[in-house]
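Before any questions on binding or motion, here is one chain by itself as structure tokens, the form predicted on its own.
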């Protein structure tokens, strides 16, 4: 059974949200599952720091010095860069169970802004300590490499979206990717809330706001999805997937 994605939860600093990695229900999304109890205790010591953010709060700014990676315990974030002419370009949407902040590993400064899209909580993972520990724990090192590889694959997918797909294909790919990521976290893959605006979706997909709205309307008129403001219900998954097959 999957559970429907709930409405945003208020930021809280209660003891319940300060549980360790070893008892966190998102552990296998953030950390390798084959660590010994002693190794998990060592990672627990790294991830005791929990921070709450309200919608619109910055997790970090472009140019901030790099200290930690962040595992999103609840909520969601967007990353964006600022063009020289002042335009904001959305570069990604990150959700519960994903790790954010890897943009700064090579330069020791963050290359984008990370902003909460709803009430959210993150676990800070000090990178120097995490890196040192990964040299002692091969399974942790492999897991970090897998996370980095996943980011590379995601970036390649974005390039494919922007380079070869029509507007409706881009939106279909976006919705399918969002659905799959939710399913991996135990949420409903067919009914969910989009925390980002259509303008932000357009910025991410390289489309104008009007084009994104028309694509949503087209999918709804065709009976593929049902849209109520930011609530999405996928009615015909096969037809949504077929939108991508047409571009191959």
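Only a predicted model underlies this, so the values are computations on that prediction, with no experimental measurement involved. Numbering follows the first chain given and starts at 1.
Just so you know, the form predicted in complex with the DNA exists too; it's not on screen, but the next bit is about it.
**Q** Which residue, 50, 185, 208, 67, has a heavy atom that falls within 4.5 Å of the DNA in the model of the complex?
**A** By the 4.5 Å heavy-atom cutoff, the listed residue in contact is 208.
**Q** Would you point out which of 159-167, 145-153, 93-101, 114-122 contains residues with a non-hydrogen atom within 4.5 Å of the DNA in the model of the complex?
**A** The contacting stretch here is 159-167.
**Q** Please determine whether residue 180 contacts the DNA in the model of the complex, using a 4.5 Å cut-off between heavy atoms.
**A** It does not: once the DNA is placed as it appears in the model of the complex, residue 180 has no heavy atom within 4.5 Å of it.
**Q** Do residue 197 and the DNA come within 4.5 Å of each other in the model of the complex, heavy atoms counted?
**A** Within the cut-off, so yes.
**Q** May I ask you to state whether residue 238 is within 4.5 Å of the DNA in the model of the complex, using heavy atom distances?
**A** No, no contact at 4.5 Å.
**Q** Using a 4.5 angstroms cut-off on non-hydrogen atoms, would residue 213 count as touching the DNA in the model of the complex?
**A** Yes, residue 213 lies within 4.5 Å of the DNA in the model of the complex.
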